[in-house]
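Taking the form predicted on its own, here's one chain by itself in structure tokens.
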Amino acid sequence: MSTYGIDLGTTYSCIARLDSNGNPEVIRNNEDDSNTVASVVFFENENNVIVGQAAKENVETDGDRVVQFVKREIGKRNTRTYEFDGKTYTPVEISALILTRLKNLVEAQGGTIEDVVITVPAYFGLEERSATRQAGELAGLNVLSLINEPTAAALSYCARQFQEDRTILVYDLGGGTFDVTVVKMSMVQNESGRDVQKITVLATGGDDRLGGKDWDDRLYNHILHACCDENGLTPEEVEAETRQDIRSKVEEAKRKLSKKQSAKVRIDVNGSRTEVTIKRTDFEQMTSDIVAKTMNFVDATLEKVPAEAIDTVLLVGGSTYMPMIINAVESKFPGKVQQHDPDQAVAKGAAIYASMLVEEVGSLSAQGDETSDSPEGKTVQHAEQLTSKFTVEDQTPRSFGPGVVDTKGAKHKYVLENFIKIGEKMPAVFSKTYYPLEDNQERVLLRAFENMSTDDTLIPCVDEDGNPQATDPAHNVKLLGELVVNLPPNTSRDTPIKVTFKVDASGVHVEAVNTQTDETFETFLRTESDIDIERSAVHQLRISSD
């Protein structure tokens, strides 16, 4: 089957598909003897770019030629770029190299990869999602859709469970990002009258700067300073090869501390053999504030869905192997915590979702050749049996709306009206009628914003001339783009302009209709671009007709 799900992770990535029995399986990374690929790129020279564990081994010795944790940069404005051998790479292009490596895994094992679903953190906004999609397309993949990582994990879990209603909290602590999401699993009837499991997202939160990397950094610094104390050195005096040796042993030590009460690390420090013993209790103490930070996000999410409503808590992500995480979550939800396939659940859920999206076509293909004994035909039929059991209802990751002029009062204000608010069911659609600011305007510029506020109206940051700025730190307001609406000559300021926003997993669709002429203008905001902001206020829309 050529449909795959991809977990594009901050530290490790994973790719999965449905096997011939309709069960999700991860594609093995035989080169690294692992089920994952390290999300690290090493530009050895202009003719050789390495992705994976071999790249990771060069972090300290050739760190200026290694790129890692790029997921924290993708889709961010004014983000850094990387230059190697005279060529500049964006975070999108670096991510495309990682996705290409995953694609090569499939092809090296005789498979073909066409359609994919890529996972993203639930709190990713439009620009981060668009950049992720761009990376997939740049890698030569047909990106069917994106799916939130906790939703994918819940989908993988629900595929194994009995048909019963339950409310599930997904605690997803990956290598570089953290998500906490509450979903409702319930049995409903679809349009065909068949009982299916419905997964509805009820609440979500997270941080794209919080993950297992933070624990690694604390442990690395602890070992480095212990080596310095033992040998009378400062960190600056420790050779690069020694720092790389420490870095390479941090993950191994962290894994040992998940199973044992202590772990020993042996390091050659400038020619001298040094042994550092780390106690689990010390490791937990030096990182207790990070654990607390994750639980603060849990508490914030429980303001929307009370703790007593939670039936099951899923621990997802490689960092949830740490006992300190298990204990912290268990103390909050005694008897409800399960570790669900931490390293692979997200990719497997994405594979299920990808098959759901192509199910209709696959079913028709199978029906057209009912007597076929080909492995491909069997795969389609079994996949249909699995994926037809589910329906997914996710939430909008941000609030969205237009920037318009409020003419009420003595002073005109430029405001952002939130049409669609964070947490609404997707796809979400909302319309409202506005009017030109002045008579005889030749055009209006309809600006689309996203933000993290649930207020009906915001006042975005403006420059000295009163024009909206691209970002507003107070509510993480971002100017996504603008739609130019041309008006016929002699257009009155009382001419109604109907504005519609539609938000789904693929992006934001903005439409403006001149209701007097029925002329329609529309744009689909899904890719990053530089926005040339017109400085003349006369081109704006206003809220109401005077």
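Here, rigid core means the biggest group of C-alpha atoms that superpose within 1.5 Å across both forms. In case it trips you up, residue 1 is the first one in the sequence shown, and so on. Note that the structure is predicted; figures quoted are calculated from it, not measured.
Just so you know, the form predicted together with a small molecule exists too; it's not on screen, but the next bit is about it.
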Any non-hydrogen atom of P150 within 4.5 angstroms of the small molecule in the model of the complex: no
Exercise: G349 in contact with the small molecule in the model of the complex, heavy atom 4.5 Å: no
Partner contact for A139 in the model of the complex: the small molecule, 4.5 angstroms, heavy atom: no
Non-hydrogen atom contact P24 with the small molecule in the model of the complex at 4.5 angstroms: no
The single option of E73, E424, D207, E251 touching the small molecule in the model of the complex, heavy atom within 4.5 Å: E251
Partner-contacting position among P121, P397, P402, G176 - heavy atom within 4.5 Å of the small molecule in the model of the complex: G176
Segment assignment from 139 to 147, 99 to 107, 273 to 281, 318 to 326: heavy atom within 4.5 Å of the small molecule in the model of the complex: 318 to 326
Exceeds or equals 2 Å, Cα of K336 between this form and the one not shown, core fit: no
